[in-house]
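Quick setup: one chain, the form predicted on its own, written in structure tokens, and binding and motion questions come after.
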């Protein structure tokens, strides 16, 4: 969990396509292959539009998981065309580039306020006090979640995302189901209120779209919450930990703030928050002479692809000025992250506020990684801060 990159290097060199029995997946480790398969329509995030579980040789899902999958599969991430095409078009109507860019002043203000409070108290857990509140506040304001209810969002999201880990425990599965059900009930109530009395928020906008069913509205909002902050939190934590381990690059960034855009892209590449993305093989494929049959699951190793020396010069070196940086941390193809522009704004403003307002940032103790593999992030990041 803490040091996967040497293993990735061995996979890329010796077994770019390999079967991993414990998870019954084909591991794909090279950038070119991961990038190509993300765009290949012979693969899908789901297979349920073309086959049953039994036809794909998979056991039926436990009945208790039904409320979870009803929520998740109503969002665009876990469906394929034509449903995906329709949902993405409808949501894009409310999630326009102009609307996202209009959020920048508000994001800057929130980031500045969080960092000022952090510096004033001399530091603390950078994750809990800066990295988490910023994107959660932004997505909550976008959705129009009342202030009094916002404390519910982060726990719901963390518990739902527990289902995405490899072989989650039975307890984690039940917890994810409960969180999905609670969040769905909450959103249905809120959407009904906004249909009657719409406001200037995303739930109101989505509630006015007649072609969007209630389940699809709920699934979309759950996806926007989870995708809208989970990765951003971990890019912030992983990125600052990377900079602390590479002090010359942190000094370089402090001296030349014009490097901030490339630095944000580089920390996303160097220690990506989503190490793996899965796809189902809908038609037989062949990768590097290896036949992968229909019904298989491939594990696309983003963390490995982002360190591939065939694409990135000196890939294990953190370079905040790296100009040629085709990382795939936002995915590729039809499932490319809809929220990428907002994530970039949040990261730029968060890093910028810390660099501008905290002249001194020092690590208090070496952090430890959370036990999950798919979503890569730190438990905490304790630092000393001074203006």
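Residue numbers count along the first chain shown, from 1. Owing to the predicted nature of the structure, the values given are computational and were not obtained by experimental measurement.
The next section is about a form of this same protein that is not shown, the form predicted in complex with a small molecule.
Not displayed here, the small molecule is kept clear of residue 156 by more than 4.5 Å at the level of heavy atoms in the predicted complex. Heavy atoms of residue 348 never reach within 4.5 Å of the small molecule in the predicted complex, leaving it off the interface. Though the partner is left out of this view, residue 329 does reach within 4.5 Å of the small molecule in the predicted complex, counting heavy atoms only.
Using a 4.5 Å cutoff between non-hydrogen atoms, residue 164 does not count as a contact of the small molecule in the predicted complex. No member of the trio 8, 242 and 310 reaches the small molecule in the predicted complex with any non-hydrogen atom inside 4.5 Å. Contact with the small molecule, judged by heavy atoms within 4.5 Å in the predicted complex, is confined among 352-360, 47-55, 65-73, 332-340 to 332-340.
Of the candidates 253, 231, 115, 145, 231 is the one whose heavy atoms come within 4.5 Å of the small molecule in the predicted complex; the others do not. The listed set 263, 130, 305, 235 contains one residue whose heavy atoms approach the small molecule in the predicted complex to within 4.5 Å, identified as 235.
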